[in-house]
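Take a look at this single chain in structure tokens; it is the form predicted on its own.
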Amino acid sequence: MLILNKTAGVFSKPSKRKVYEFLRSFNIYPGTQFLHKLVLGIETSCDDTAAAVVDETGNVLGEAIHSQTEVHLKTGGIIPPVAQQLHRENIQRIVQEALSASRIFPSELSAIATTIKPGLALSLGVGLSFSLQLVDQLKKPFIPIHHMEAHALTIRLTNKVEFPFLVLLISGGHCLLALVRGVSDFLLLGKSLDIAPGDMLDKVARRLSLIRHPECSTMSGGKAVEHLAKQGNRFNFDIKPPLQRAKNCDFSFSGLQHVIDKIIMQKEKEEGIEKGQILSSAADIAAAVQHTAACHIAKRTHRAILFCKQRNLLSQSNAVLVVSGGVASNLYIRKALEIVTNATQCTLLCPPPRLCTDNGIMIAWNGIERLRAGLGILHNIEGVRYEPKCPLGVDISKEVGEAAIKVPRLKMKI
């Protein structure tokens, strides 16, 4: 395997032997000759090992994914060296399964696309090293992928969406609003100043010990909060949304998390229970934090729509808001955003839930988009490196803040 230089994030010359053995393992025979573009996408930016083969018309020919959720639930969160080891153990099998399901020879691929930024350094390194070996052996072009760009463009695989459109990306590691003007042309309107909403919900779930709740023991933190919130009464806690006085499109979730921590501590004292036991008010707390987060996300998104329309960056009558990322699967947050899009005459679009979370399909599709546009296609892989932190597009968030757009109050009856 490739040797990672930890300081530079650069890989030495790939070993061909293991890849050669890997490629020889295919017991498939060529059927239809593919005359159009085919891209293999590989995703290892966090805790999912995923791969897929997609053609230029958007057909998913084969896909495979290995989730590490069960392991990380037991450890109380993602431990990077553990995620790295699990990627190493599964990446060859997952890529082989995706290619075998597609019933194509690896030699028929037009290119290999892989997430190289942003994400967990140790996880990104596994996907990049494996991909560079394939590229070297197959002599195919390599397309480095920005994880958030892939999330943003996934909607163009499932829906006919033209540029420009507004995208809200909300997940466990990211939270941003951007105007998408082209395949690699983004204007960043706002981002989280601290942690992402998915991270905040996971931490609240851990603090509430929801893994010990009989209905939530197998769920991720965010899913557990959403599930329990349905049984709770949010009005039992009055929590103010973050950044109420800041007239920009930035987000903040760490303060909300601290407020919830204080509420939980107080309730533990009142109920006379130890940390780690389930509070009788857990469902009410889940409902309150979910509603507050939804309102915060909705208001920042509302301002972004108004800003883009004011500057004629979006159509006045048929603008599109795309919401993607793992937290986009939260139906309560989606309903809050529907209230905003209805009030602003926009269309709300979300990829199917399985494409909102990390997957190989979105990486392969991003590769197709870049291949068609002739953008970022590498024929020389020397010096390719991963980037754990990497902004998306041109940051105009300061300009958004200077516009100081007042957002009309909407009734969030969800």
Ligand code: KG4
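Remember, predicted model here, so these are calculated numbers, not experimental data. Sequential numbering from 1, following the sequence displayed.
Omitted from view is the form predicted together with this ligand, to which the following refers.
In the predicted bound form, this ligand sits within 4.5 Å of a heavy atom of residue 220.
Using a 4.5 Å cutoff between non-hydrogen atoms, residue 346 does not count as a contact of this ligand in the predicted bound form. In the predicted bound form, residue 201 approaches this ligand with a heavy atom inside 4.5 Å. Under a 4.5 angstroms non-hydrogen atom cutoff, this ligand in the predicted bound form lacks residue 361 among its neighbouring residues.
Listed residues 190, 326, 127, 119 were compared with this ligand in the predicted bound form; 326 is the one with a heavy atom within 4.5 Å. Though this ligand is absent from this view, in the predicted bound form it lies within 4.5 Å of a heavy atom of just one residue from 154, 102, 123, 171, which is 171. Here the marked residues 149, 322 and 366 all miss this ligand in the predicted bound form; none has a heavy atom within 4.5 angstroms. Only one listed stretch (264-272, 223-231, 157-165, 104-112) carries heavy atoms within 4.5 Å of this ligand in the predicted bound form, and that stretch is 223-231. In the predicted bound form, 356, 357, 358 are the residues of 345-372 with at least one heavy atom within 4.5 Å of this ligand, listed from first to last.
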